[in-house]
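Only one chain is shown below, in C-alpha cells, and it's the form predicted on its own.
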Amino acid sequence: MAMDDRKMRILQAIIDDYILTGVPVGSRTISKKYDMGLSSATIRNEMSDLEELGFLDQPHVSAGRIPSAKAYRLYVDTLLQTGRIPNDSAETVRSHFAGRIHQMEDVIDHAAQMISSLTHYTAVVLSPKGEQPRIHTIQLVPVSSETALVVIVTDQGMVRDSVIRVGGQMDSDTLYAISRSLTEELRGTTLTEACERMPVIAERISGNDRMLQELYGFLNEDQNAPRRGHMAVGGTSNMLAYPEYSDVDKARNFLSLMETRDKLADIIRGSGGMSFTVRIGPETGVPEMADCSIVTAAYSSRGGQQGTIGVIGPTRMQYSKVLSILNIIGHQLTDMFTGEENE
C-alpha cells in the first residue's frame, strides 16, 4: 500500500486539526472543515489505510483518529525538506532584542522567556560550551573619583563587568589610555593567561597598583567560575496546561526532570551540531518525555562555539511555528554574539 498524494493531504489535515484541538479527528470533520472534494466515506477508507500504514492511532473504538509519532515525523520532515517555515514572528523577536546589550547570561535568560511566551511551551537555552573564552577588549569607565567600571568583552560575545577601586584621581582620558594598553597586552589571552601576565603588566603601567590589584582579583574570580555553561529554562509550567500532562504522575515526573539541570542540558545538547533537530515521542529516549517532542536549533558565538536553543512540548506541538521562532532567534543570537555590537 503506497502513500499517495491524497493520503498525504488527508494526513496533513488530520495533523493540523489535532494540533489545533487536541481532539481525535473523524472523517466527517475532515469532510466539513477541509475542502478536498472527497466524501466522508472516501476519507474514512483512506484513514483506515493510514492507520494500517502506522500513521494514525485510534484511541477508542468509536472515536476518531490521532496522529502517531510516525505521522509527526513525516510531517516535520516535509516541513524541513520543502522549507515551509514561515517568519510570522520575526519582527516581534527583533523588537525584543533591539538595542539590548547584556551579559551573555542575561541575553540567554531573556531568550528562554521570549521563546516560552511565543510558543506557549517549555523553552531551554544553553550557552556555548567549549574552551575558556579569550579576551577581545577591556574598557575602563570612570564611575567616581575612586572607582571605575571595568568591562571585558570576550571572543564568545560574553560581557563581564565589575566596579573596581582605582585609587587617586583618574580622569576618563587616563582610563582610556590604560584600557588601550590592557587590550593590546591581553587581547587573545584566556582569563587564566591574563592573570599570569598581570605582574608583568603592572611593571609597565606604574603608579596604578590598587587598580591593577582589583583588576587581577576580578579576572581571577571570573576564571575560576564554573565552566559548564549557562542554561536558562522558561515556561516550565506551560506543559501542565496540555491534557497530555493532566495525569498527576506524568506531571510530577516531567517537573522533576526539569529540575535535573545536568540531565536536561545533556538532552537538549544531544543535537549532533545540526541546524535543527526534531525528536518526537519515543525518539527522545527519555521515559518522562514519551508524550513530548523536543525541537532544537543551534546558534554560534564569536569564538565558533555553538550554543543550543530548544522547545519541549506535546507531540501535537505547532511544529511550523516552533521551527520558525527557533530559526529567527537562532539567527538573532548568532548576530549578537558574532557581530560588532559588543566592540
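So that there is no doubt, residue numbering starts at 1 and follows the sequence shown. Source: prediction; values computed, not measured.
This protein has a second form, the form predicted together with the DNA, left out of what is shown; the following refers to that one.
- Heavy atoms within 4.5 Å of the DNA in the predicted complex are found in one stretch of 304-312, 291-299, 45-53, 278-286, which is 45-53.
- Highlighted residues G26, A41 and G64: every one comes within 4.5 Å of the DNA in the predicted complex, counting any heavy atom.
- Proximity of K7 to the DNA in the predicted complex falls outside the 4.5 Å heavy atom cutoff.
- When the DNA is considered in the predicted complex, K32 lies well away from it, no heavy atom lying within 4.5 Å.
- Taking the partner from the other structure, the DNA in the predicted complex has a heavy atom within 4.5 Å of a heavy atom of Q58.
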